[in-house]
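First, one chain by itself in structure tokens, the form predicted alone.
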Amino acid sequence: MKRSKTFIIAKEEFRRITATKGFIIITILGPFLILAVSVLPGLLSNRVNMMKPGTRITLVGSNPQVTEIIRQTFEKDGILVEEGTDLEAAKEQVLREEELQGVLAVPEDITRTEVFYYYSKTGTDFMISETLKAVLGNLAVSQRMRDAGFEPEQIRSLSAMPDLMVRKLSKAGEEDQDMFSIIMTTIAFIMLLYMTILLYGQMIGNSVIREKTSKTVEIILSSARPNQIMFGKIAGLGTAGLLQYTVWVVMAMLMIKVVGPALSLSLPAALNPTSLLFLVLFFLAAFFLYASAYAALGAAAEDEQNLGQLAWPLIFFLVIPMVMVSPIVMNPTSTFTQVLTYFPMTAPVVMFARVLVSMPKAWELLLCFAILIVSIVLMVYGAAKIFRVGILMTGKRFSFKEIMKWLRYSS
């Protein structure tokens, strides 16, 4: 039985990609990323001490009572609290000494203070600043109540704040899930999609450019049509990507079913068979969408540098979900998120993020996949036309506008 030329090209492309050390290394490292997705959010969501031993903060202008309460609060985290006398001198000391993290300015009468100022070396020591805010707030409220004539026991009773337990609702029942864990897990999965889509897209673009600049493509064109070359490359690379994701999903399932229960690990609710299935589906949709575009741009580009210049719109659309992950996670049904959900170039990543946060309705998923399928067909059709024209074009760098004009050429 005679095999099609597209199949032969796909087979060679698959063999070329999977035989590289880079593919093997990434495939091996993938399960460790899944492990990080599984365990790290739970570890970080618990109040883990992020500060190295010996970290210090300085209090300036505070009374002994305030200093002692703050010292006792931070003592269990290994953070040392010391007193200072001059605010400006303490600021300079923060910049000079590595172990001194920041300085807090506390006025003598905390009951009349509306804003406290904490000067930090990094500005990102969230644990320290939020703890200081809570301690100073409680002290100020307690002092005001004492001044109003309340007894100590009344103050403790009236100022006691209840805890808030967040429980995520799903069809399977209630699940423990804090916001930090949801955001961390979603970011990790979005990064996985982003890196693999970008990596495979650039690989197919660079592969086309190498064959074009080395004149190898002219030899291939003597026995295969341009469309067969492009489809073969996309199919071969897509099969390699699917193999890689299959390995990762199998390792994730082992983590869920075997390793997690055996080690009593608290796995995030988002790591489940349904989410892993959608991960593969959205990867395939995004791959065919972006791989087709990269194949076309690779055929039109003069060299790899030119490819990078032409591909900036593709990278821009991939970056949008990365930088907008917080509003997407915090409000998955907002108008902004809905627009990104149904815009083809951002739909795979954004809709998958929504699946991780709260499963969308069935019609939303079906509409998203319908838009993606139509977009993939149109993208492949347009890419094939650009590929046919650009694969033999050499000696000139074409602009993105000029390349788009090639779409008017007939088959």
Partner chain sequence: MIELREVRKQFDTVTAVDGISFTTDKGEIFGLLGPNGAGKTTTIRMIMNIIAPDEGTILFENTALTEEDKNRIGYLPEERGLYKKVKVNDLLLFLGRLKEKQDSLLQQNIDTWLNRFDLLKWKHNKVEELSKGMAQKVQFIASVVHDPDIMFFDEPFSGLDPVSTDMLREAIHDMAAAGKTVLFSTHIMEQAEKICSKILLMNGGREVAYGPLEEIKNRYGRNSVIVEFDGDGSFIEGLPQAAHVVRYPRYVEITLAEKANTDELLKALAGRLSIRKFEIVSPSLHKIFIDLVKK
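Positions refer to the first chain, counted from 1. Just so it is clear, the structure is predicted and the values come from calculations on it, not from any experiment.
Missing here is the form predicted together with its partner chain; even so, the following discussion is about that form.
Enquirer: Look at the candidate spot formed by Leu59, Thr122 and Glu130 and say whether its partner chain comes within 4.5 Å of a heavy atom in all three of them in the model of the complex.
Expert: No: no residue has a heavy atom within 4.5 Å of the partner.
Enquirer: Determine which one of 271-279, 195-203, 214-222, 83-91 lies within 4.5 Å of its partner chain in the model of the complex, judging by heavy atom distances; exactly one does.
Expert: Residues of 214-222 come within 4.5 Å of the partner.
Enquirer: Can you check whether Leu392 is within 4.5 Å of its partner chain in the model of the complex, heavy atom basis?
Expert: Answer yes; at least one heavy atom of Leu392 falls within 4.5 Å of its partner chain in the model of the complex.
Enquirer: Examine Ile17 and determine whether its closest non-hydrogen atom to its partner chain in the model of the complex is within 4.5 angstroms.
Expert: No - in the model of the complex, heavy atoms of Ile17 and its partner chain never come within 4.5 Å of each other.
Enquirer: Along 6-20, which positions have a non-hydrogen atom within 4.5 Å of its partner chain in the model of the complex?
Expert: In sequence order, Ile8, Ile9, Glu12, Arg15, Arg16 come within 4.5 Å of the partner.
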